[in-house]
Each structure stands twice: as C-alpha cells, then as structure tokens.
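This document opens with one chain alone, in structure tokens, the form predicted on its own.
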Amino acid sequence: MQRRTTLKLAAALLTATMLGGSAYAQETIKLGAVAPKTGPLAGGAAVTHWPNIKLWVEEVNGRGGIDVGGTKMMVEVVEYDDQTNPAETIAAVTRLATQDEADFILAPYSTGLNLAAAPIFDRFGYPQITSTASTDRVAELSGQFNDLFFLLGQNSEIVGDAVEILSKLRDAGTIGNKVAMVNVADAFGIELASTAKPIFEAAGFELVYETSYPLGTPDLSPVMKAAKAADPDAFVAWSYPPDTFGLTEQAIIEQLDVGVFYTAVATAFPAFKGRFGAAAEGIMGIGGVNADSEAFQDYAKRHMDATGAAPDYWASGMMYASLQILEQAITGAGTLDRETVTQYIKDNAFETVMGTVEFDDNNNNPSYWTVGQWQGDAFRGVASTGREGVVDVKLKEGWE
C-alpha cells in the first residue's frame, strides 16, 4: 500500500509538471545567511543586515509563504557568523551550498566580504544581490560573475556627489579649500579614498592631510589630532561603523572646527543620532533616504514593530529591498531554479521600499542615494543619482 501511494504521488507530480502546474515536493525554501555576529563589523550587521532578514521572514511566512509556481512555500533560514573574516565568509557560503543545500543564499554584509564570497556564489550559481557593497568595478565584476548584483551603486558617483556638494559650498564662500581625508584600510575604504583623491584634486581642493588606519583600530585620537593640526575646512572619512563613531567622538573632543564633517557607514544609523544628539546636526555621510515618503515610513514602522529597533537611513532599506527582489523574482520565475531566477532579476523591474529597482548590467538603475545629512530627526538625502525627495544641504555649525 505504501509503495502504491508513493507511486501515485510520483505520477501526480509528473502529471502536474507536464501540465505546467507545481511539482514541488518540498514544503519550505531554505535560505542561507552569512554575516558578522562578532568582529569589527558585527555592530553594523546588527543594525542593517540581521533585523531585515527577521522582518522579511516573519512577513513572508505570515502571509503563507512565497508563491512558487502556484505552491505557497514557507521560508526557513540557516545562519552563520563569519566573524568579519573573509575566510569564514567563504567557508560558510561553501557549507551552505554543499552541506546545507540551501535553495538561495543571501548576500553577505560589507563590500569586502561580498567581493570575497562572489566566486563561491558564482561557482554554485546563486544570485548574489548585494545591499551593502559599493565599488567602481561593477562592470568588471558583473562580467566576471553573472550572478552578482549591486544595489548601492558605484563609488565614483558617491564620491562625485560629495565633492560636488563641497564645491558648491566653497564657490559660495561658505567653506575654504582645504580638506582632511582619512580611510579605513580595507577594500571599502581603500577604493573610496583612491577614487576620491583625484576627484578632489580635479575640483581644485587641497588635501592637507591624508591617512589610513586598520579596521577595528581602538584609538583614533592620533588621527583626529593630526587632522586638526592640518587646519582643514572640511573633514572626510571613508569609514566603517566602529571608526565612524570613534572619529566623531574624537572630533567633538578636539572641537574640530570645519564647515563640512563627513563620515561614511553608520552615519545613517539612528544610534549615531542617539549617541551624539545635537552634535550630529549637519553631519554628512554616505546614503540617505526620502524620510518623508510613505513607503519608507511604513517600512520603518514595520521594522520597529518586528525588531524593536528603527532601520538605518540608507542600507537598511536596500537590504530589505534585496529580499523583496528575491521574493518577486522567485514568484515571477515560478521556480526555485537559480539560473532562471537570476535571469528574471536581470530582465525585470521590482517595486521595493526604496522605490523601483531595475538592473542595468547588474547595477541598480536608474538611481540611488549618494549623500545624506542629519537634519532634525532624520538623516535626509541631500544628493542622489535621480531619487525624489532630495533636500538642501546645511552647513555644519559647531558641536553644541
């Protein structure tokens, strides 16, 4: 009897396949997730990465799962801590592909860890929709890795918009011509600094101080003391979360007197405003959002309700958008076949909390946020490559 039942089920599944119906015997979609839970970037991942996975999985399963060719399938997630170590990222992605047999693997956290894992994603044919990686090598990497997608855009546009803001302030006579620039010494910071230097020089700025520091440097006071001694008109840091907080703290201690103070990743975190209060007013950094958009406000409320914390004002929304894109692609393709889903991502536009997303040669097109600034209660977008809701820049006026 058991054998007959099994044979009947197999026949039914075969018939469903032939008729174009769903033939999925599995009941769940297994997703892999790899990101820091320890190490220097754990704090950033705890704000931007992990809470959005929790929110999205709860929402997907709350509405009965993802529609795959007519069958609703619940989502389960297998998580690994890569300890902010590229070797651990590679090992965990490999384990998810070969041992856990994940249907899909979510992109890691940060530029460096995503680029380290890209060959493994590509080897096993997993679409890698990055939401926390930015690079000018998009064309090169998308040509090398068919499955690799970028939501945050290219460094030259991020840097170019920041330099354009400084140029307008200088030309208006509100700041001078001297810039101090520092960077964290990993893939993210090194590439941004090397991209920024010639753009600053071409715009006629004088770089009066430049240095880099290792990721996780505990004491950044020597960096800030040296920057202040150079007497800059603007301070720019291509920084990751620990150093974004550390540099800002040291700038307040040193009372660095600049018209523009710019730090990178984590400037958009609500905890940044919570830590520095009124001193955060006027600080600029990477990213931003249209804080007044109904879509973002609704997403932020759901994020708070599900996780007990507010999302950040940049990559959190992009992280959630990457999950929306994956869900829409699976449903649109009607299959868990990774090659088919990847092609669907290439060929279609997706409606997300950050607006419409469409990829052009695997790069987010047409637009994304590039520069934000703390103004009042939100980190508002002051520059983008085409998003609605850009607000005017304000000058940084002290630390009180």
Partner chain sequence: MTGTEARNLALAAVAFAVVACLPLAGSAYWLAIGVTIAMYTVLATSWALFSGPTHYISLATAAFFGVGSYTTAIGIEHLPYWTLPPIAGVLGAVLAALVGLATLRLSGVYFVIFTLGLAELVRQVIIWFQNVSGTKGLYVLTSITEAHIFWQLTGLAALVYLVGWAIWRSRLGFALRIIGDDEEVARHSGINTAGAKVLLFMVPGAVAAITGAILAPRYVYIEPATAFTPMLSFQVVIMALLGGTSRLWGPLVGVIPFTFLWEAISASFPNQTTLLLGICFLLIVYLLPKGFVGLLQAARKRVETREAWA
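Predicted model only: the values in this text are computed from it and were never measured. Positions refer to the first chain, counted from 1.
If you look for the form predicted in complex with the partner chain, you will not find it shown, but the lines that follow are about it.
Undergrad: Going by heavy atom distances of 4.5 angstroms or less, which of Arg95, Arg302, Lys72, Arg275 would be at the interface with the partner chain in the predicted bound form?
TA: Only one option qualifies, and that one is Arg95.
Undergrad: Quick one: of Val260, Val223, Leu115, Met181, which gets a non-hydrogen atom within 4.5 angstroms of the partner chain in the predicted bound form?
TA: Checking each option against the partner chain in the predicted bound form, the one that comes within 4.5 Å is Leu115.
Undergrad: Going by heavy atoms within 4.5 Å, which of 158-166, 310-318, 287-295, 83-91 lines up against the partner chain in the predicted bound form?
TA: So the stretch in question is 83-91.
Undergrad: Does the partner chain come within 4.5 Å of any heavy atom of Lys37 in the predicted bound form?
TA: Yes.
Undergrad: Indicate whether the partner chain has at least one heavy atom within 4.5 Å of a heavy atom of Glu79 in the predicted bound form.
TA: Result yes; Glu79 sits at the interface with the partner chain in the predicted bound form.
Undergrad: For Glu281, is any heavy atom within 4.5 Å of the partner chain in the predicted bound form, or not?
TA: No, Glu281 sits far enough from the partner chain in the predicted bound form that none of its heavy atoms falls within 4.5 Å.
Undergrad: Within 4.5 Å, heavy atoms only: does Ala185 come near the partner chain in the predicted bound form?
TA: Flag for Ala185 set to yes.
Undergrad: Using a 4.5 Å cut-off on any heavy atom, which residues of 190-212 would contact the partner chain in the predicted bound form?
TA: If the 4.5 Å heavy-atom criterion is applied to the partner chain in the predicted bound form, 190-212 yields Ile190, Glu191, Ser194, Ser212.
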